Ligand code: PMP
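To begin, one chain is listed below as structure tokens, in the form predicted alone.
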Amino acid sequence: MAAEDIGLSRRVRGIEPSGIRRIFELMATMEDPINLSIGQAHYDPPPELVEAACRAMRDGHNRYTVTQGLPRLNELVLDDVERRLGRRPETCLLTSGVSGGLMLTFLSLLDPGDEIVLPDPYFVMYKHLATLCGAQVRYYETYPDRDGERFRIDVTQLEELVNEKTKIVFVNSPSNPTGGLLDRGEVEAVARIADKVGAYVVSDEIYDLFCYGEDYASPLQYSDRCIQLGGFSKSYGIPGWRMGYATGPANVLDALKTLQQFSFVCAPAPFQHALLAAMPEVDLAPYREQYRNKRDRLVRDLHPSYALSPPEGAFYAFPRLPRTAAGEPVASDEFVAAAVAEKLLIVPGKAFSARDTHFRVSFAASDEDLARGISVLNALAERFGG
């Protein structure tokens, strides 16, 4: 039965199923797949964090917390942000993952007819949440001008897109799907352009642990109207725990808190207690170095026909599709099907972009699977004309 026949709302009819989740479902049907598609760390959480969670549940921390989360955990998050970025946000709210924080933020800030400016490529959730709010999405491109260059913002284009209808200028650095990292000048420019029209900067910083350069910059450092969304899923290896946070101006965070009261209620209580107990003890630097090495291996060993822009952060790469003898990109559906036939799971770039010229690889995998995946990709490059 068609959606129109069963009375679904217009807002939900405007949302397409996630291409990433389709790959995830395909994986369940395969024997010994090489999974370079999924966006979660391949390692288990630190043992002390798991033990803290078990202890919290045994100690009876299984009921609601206050909506904004445990006050001491909020302070711990604010302390950590201040230590890393040199600026302390006004307040903090614990959310049900960054996904929960995104939904609360979009619903709190966007009215029908408002405009939101998103990067292209972008994480698939962003545009659909904007659709739920009735907002108009406009895109600024971050693709490199030439093969092998870094993904970056065209500041002139962004200035031309932002206007009095713009309510949110959105950034995601490090980026899913590209692994790109905004430099300090780009971050400063985003804050300046948004402030000029009174827009908010919403910054998805879930991958902030996985930065492979020396100078990480956040819009929080340059704008009083920044909503910073961060979390623990990727860095601690706990995506199923659904633990995130939002920081920013108290008037906006109060609205998020009110919405959370009538939706998620609170972030999962035992996991709040676990993070409060274990965060000060856990050293995450070895995980970052492990992923830096995987990044370096991918950059070194991947066939040059993919014209890879070396990822500067996160655990994703966004290689270009191979070119045919005529210089045209191979059709992504044909390329992904060929990869699946070799048991390799990747995500076509059109899941993240108006363009269909790239594909996403996650190097959050074992060294063995990463090596197998690179071998398949290199063979495909030769087959398709590399």
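Residue numbers run from 1 along the displayed sequence. No experiment lies behind these values; they were computed from the predicted model shown.
This next part talks about the form predicted in complex with the named molecule, which is not shown.
J.: Does the named molecule come within 4.5 Å of any heavy atom of residue 97 in the model of the complex?
T.: Contact with the named molecule, yes.
J.: Residue-level contact is defined here as any heavy atom of the residue lying within 4.5 Å of the named molecule in the model of the complex; does residue 176 satisfy this criterion?
T.: Yes - in the model of the complex, heavy atoms of residue 176 and the named molecule come within 4.5 Å of each other.
J.: Answer yes if any heavy atom of residue 227 is within 4.5 Å of a heavy atom of the named molecule in the model of the complex; otherwise answer no.
T.: Although the named molecule is absent here, residue 227 would stay clear of it in the model of the complex, with no heavy atoms inside 4.5 Å.
J.: Does the named molecule get within 4.5 angstroms of any non-hydrogen atom of residue 39 in the model of the complex?
T.: Yes, contact at 4.5 Å.
J.: Could you tell me which of 272-280, 152-160, 234-242, 251-259 sits within 4.5 Å of the named molecule in the model of the complex, going by non-hydrogen atoms?
T.: Result for this chain: 234-242.
J.: Pick from 123, 306, 200, 106: which residue has any heavy atom within 4.5 angstroms of the named molecule in the model of the complex?
T.: Exactly one residue meets the criterion: 123.
J.: Only one of 172, 74, 223, 218 has a non-hydrogen atom within 4.5 angstroms of the named molecule in the model of the complex; which is it?
T.: In short, 172.
J.: Does anything in 197-218 come within 4.5 Å of the named molecule in the model of the complex by heavy atoms, and if so which residues, in order?
T.: If the 4.5 Å heavy-atom criterion is applied to the named molecule in the model of the complex, 197-218 yields 204, 206, 207.
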